[in-house]
Ligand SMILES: NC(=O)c1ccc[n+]([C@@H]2O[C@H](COP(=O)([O-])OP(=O)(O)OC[C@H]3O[C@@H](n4cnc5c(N)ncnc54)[C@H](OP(=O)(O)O)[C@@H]3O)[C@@H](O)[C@H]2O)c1
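Encoded as structure tokens, the following chain is the form predicted alone, with no partner shown.
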Amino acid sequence: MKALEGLHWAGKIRHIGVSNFAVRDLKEARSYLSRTDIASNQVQYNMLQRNVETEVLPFCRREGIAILAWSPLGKGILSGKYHNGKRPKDRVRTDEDLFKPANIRATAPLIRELRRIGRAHRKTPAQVALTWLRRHRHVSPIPGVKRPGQAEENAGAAGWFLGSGEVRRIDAILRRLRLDTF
């Protein structure tokens, strides 16, 4: 952290960012900084993987540390691409807990609601899921892409917001959702 701070003050880097830091890690890292601060924490965050909401998200909001949400589409499950009849075949996803048959079945009501809300806004389920994350002003989703079309789709999540009723409907489904082994 001292070396990063030195690079910052030398003008070699603009900001200091960390990845997957818990609150205790953030506090420790900040204790080594005297003239600058951590600007961002890149963490796994999406509708289905929300562990950061307990401690990390509130701490970062309070301390002015931006959250860069990696895997904001849950490796594609929130795009609606995968369902009971279609499971992923690539090595990255086949062993992932999100894609267990029970979890794919359990997420079906959520995906239906994302589709319903998306139709009302002329958006895709993925765009709704990204916009749901953006409801926190200090959270920036950073979705991965395999093809240019996916980058274009992800960009379509910018410039619009979910209504409070839509957020409530999504959150109600998420409260009832029970996934296998997380």
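Since the model is a prediction, treat every value here as computed from it, not as a measurement. When you see a residue number, it is the position in the sequence shown, counting from 1.
Here the subject shifts to the form predicted in complex with the named molecule, a form of this protein not shown in this document.
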item	value
Heavy atom contact within 4.5 Å of the named molecule in the predicted complex, the stretch among 146 to 154, 56 to 64, 32 to 40, 111 to 119	146 to 154
Exercise: K81 in contact with the named molecule in the predicted complex, heavy atom 4.5 Å	yes
Proximity of N103 to the named molecule in the predicted complex, heavy atoms at 4.5 Å	no
Contact label in the predicted complex: L48 to the named molecule, heavy atom within 4.5 Å	no
Heavy atom of A126 within 4.5 Å of the named molecule in the predicted complex	yes
Residues within stretch 84 to 101 having a non-hydrogen atom within 4.5 Å of the named molecule in the predicted complex	R93
